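Below sits a lone chain in structure tokens, taken as the form predicted alone.
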């Protein structure tokens, strides 16, 4: 289904369309992070049952930390995209080995002071991924060897904010810890220079469910159970097994324009209720969207150009995406066209087994999703998240030895 879009002239006053990855029920895949659901704040738990101190996240495992663990994303993140100044077939092994050592130093209570974390690592996680240029230099048939295509609006993204060779994401319930860890790890990587960086924060929420900057809920329909993660997120075999494909999109949101719509109009753009995130087709906040539900007069309850309908995987045959996005607010600035804008929105992060899951969904959103009129992409890239590591299996070693 494509549907009729508004004339280009009618949309020109609003930011150009951007990406919003999608999957799952209704809003499950919006790059802005608009899915349903709500809930109170899930406070970090203590080993003694209290809620004052964050719980440490194991750094070793089949998969890197910061993707599916902890199940509730930490409140703050600090992200950096870097360029490798001398890429080659050995780059992933070199980057992985150095990154693994730095990550372990920052996240271990015994050594974190060396990384500047003088009060302990808390619930810090650091996730490392490599870009298509490095993957293709090793083997162009590996997952992650292909860059994202340009989506609608991407042509205006500055070259320095497209793609990249190395991605580092540090997340913590302490904003300073995330920033300190990011600086430590990026400083340990050989032959790299910074391309762009961003700090982010998340609203109160339960598990992956939180409100996005437009005020709607996101993160309900995502893979959570181990079998769902195996099916939708983790690469199943080969040198990249237990890694995953990550798409990063920095999306400026025109919240002012969106909020000029009446509440009912906002809900029709999203396809869910503002109050609790329940689908307009009925049911509770975590119920699936019923794409066939109609009024007695025959009108679709979930509008034809709503995000909930546009992002539904039944139209693309896509798997689910695991979204762990963060809001950002960098204040007022002059954009690339010379206009002053409020540079705030969503740092969209989504993990999937196959990059095509995101690509197919975004192409559909570009065609039919009314929400795209309130989004401008300002950075974009895809990365292969390296498999997990431990003392006997250095980060990146499974690819370096392929």
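Predicted, not measured: the structure shown is a model, and the values here were computed from it. Residue numbers count along the first chain shown, from 1.
Below, we refer to the form predicted in complex with a small molecule, which is not included among the displayed structures.
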In the model of the complex, segment of 181 to 189, 77 to 85, 248 to 256, 157 to 165 with a heavy atom within 4.5 Å of the small molecule: 248 to 256
Proximity to the small molecule in the model of the complex, single hit among 325, 243, 219, 100 (heavy atom within 4.5 Å): 219
Position in contact with the small molecule when the complex is considered in the model of the complex, options 313, 205, 73, 96, heavy atoms within 4.5 Å: 313
Residue 64: touches the small molecule in the model of the complex, heavy atom cutoff 4.5 angstroms: no
Non-hydrogen atom contact residue 358 with the small molecule in the model of the complex at 4.5 angstroms: yes
4.5 Å heavy atom contact, residue 212 to the small molecule in the model of the complex: yes
is_contact(residue 124, the small molecule) in the model of the complex, heavy atom dist at most 4.5 Å: no
